[in-house]
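First comes one chain, alone, set out as C-alpha cells in the form predicted alone.
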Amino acid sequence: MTDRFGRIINYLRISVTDRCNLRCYYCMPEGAIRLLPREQIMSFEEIVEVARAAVRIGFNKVRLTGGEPLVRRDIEVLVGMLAEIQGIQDLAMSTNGILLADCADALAAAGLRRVNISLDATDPRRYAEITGGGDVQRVFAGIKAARKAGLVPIKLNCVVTNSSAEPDAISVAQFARQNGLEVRFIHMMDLPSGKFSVVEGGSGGDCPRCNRVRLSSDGMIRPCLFSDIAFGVRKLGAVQALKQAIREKPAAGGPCMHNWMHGIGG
C-alpha cells in the first residue's frame, strides 16, 4: 500500500515480547520497568494472522524484534509459521545475540534468513557497563553461530551517543571489518523529545523514505516509532488496523510520550 505521502509501505516489524535479558541504559528506563501482563502478549497464531493480512495488502518484508525476541519461548516455531506464508520475501530478526549460539541452527532450519545483532562495544568491561552486565563473549559466539548457520548477511547495530568516531564505535567498526560484517551506527534516540536521526549505514530514521509499520507485542499497529498513534488488531481486525495505520502514518516522527523502546522494538 501507498500512504498519503506517496511512500510504499511494505515492511512489518513485529515485536514478539517486551522482555529482555539485558538492561541497556538507552533502552530500559531506570528503576522499575512496566511490563505487559503475559496474557496481553500476542500468541503466535495472532501474529501469523497479522502477517498474512499484511501480505494480502502488499507487505513482503517481516522482521522479528523485542524486547529480545530470543527470550520468547519456542520462537523458532513462530519463525517456521511465518516462513510458510507465501509472499514474505525477507524474514529477518534483530537480536542482542546473547542466546543466539544455542538456537542459530534451529532458526535457520525454520526459515529465518538473516539477523541484525546489537553490539555497542567490543571491550568486555564497556559492554557490561552499557548492557547492565551482559557478556560480550556470548555475542561473539552468537555471531559465529549465525554465520555457520547461514543467517547472512549479518549486520551489527551499534548505538552511539554523538558520532561513529567514538572509541566504542571505532572498535565495533574494526571488529566488523576483520570479520566481514556490516555495521550500522544508530544515534541515541529519545522518545519523549522526538530526538532521532538517520542511521549511518542503514535506512532507519529517514522519514521521507520510511516503508515500515510496527506490530507491538500487545497487538497494536504503530505507524511510526516516534508517534503515539496506534490501532488495535484485536479490536479492528488485522487488515483494518494495518490500513488505518498506513493512512495515518505521519510525514515524520515527533515526540512520543506513551511508549517505551523495549516495548515497541526499535
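For every residue, the number given is its place in the sequence shown, counted from 1. All values reported here derive from a predicted model rather than from experimental measurement.
Missing here is the form predicted in complex with ligand SAM; even so, the following discussion is about that form.
Interface membership of residue 1, defined by any non-hydrogen atom within 4.5 Å of ligand SAM in the predicted complex, is ruled out. Put simply, residue 65 is close to ligand SAM in the predicted complex: some heavy atom of it is within 4.5 Å. Although the partner is absent here, residue 114 lies well away from ligand SAM in the predicted complex, with no heavy atom inside 4.5 Å.
Residue contact check for residue 170: none of its heavy atoms lie within 4.5 Å of ligand SAM in the predicted complex. Contact annotation: ligand SAM lies within 4.5 Å of heavy atoms from the stretch 88-96 in the predicted complex, the single such stretch among 105-113, 143-151, 170-178, 88-96.
Of the residues 79, 100, 159, 121, just one reaches ligand SAM in the predicted complex with a heavy atom at 4.5 Å or closer; this is 159. Proximity to ligand SAM in the predicted complex, defined as a heavy atom within 4.5 Å, holds among 27, 230, 41, 48 only for 27. Of all the residues from 185-213, those having a non-hydrogen atom no more than 4.5 Å from ligand SAM in the predicted complex are 186, 187, 188, 189.
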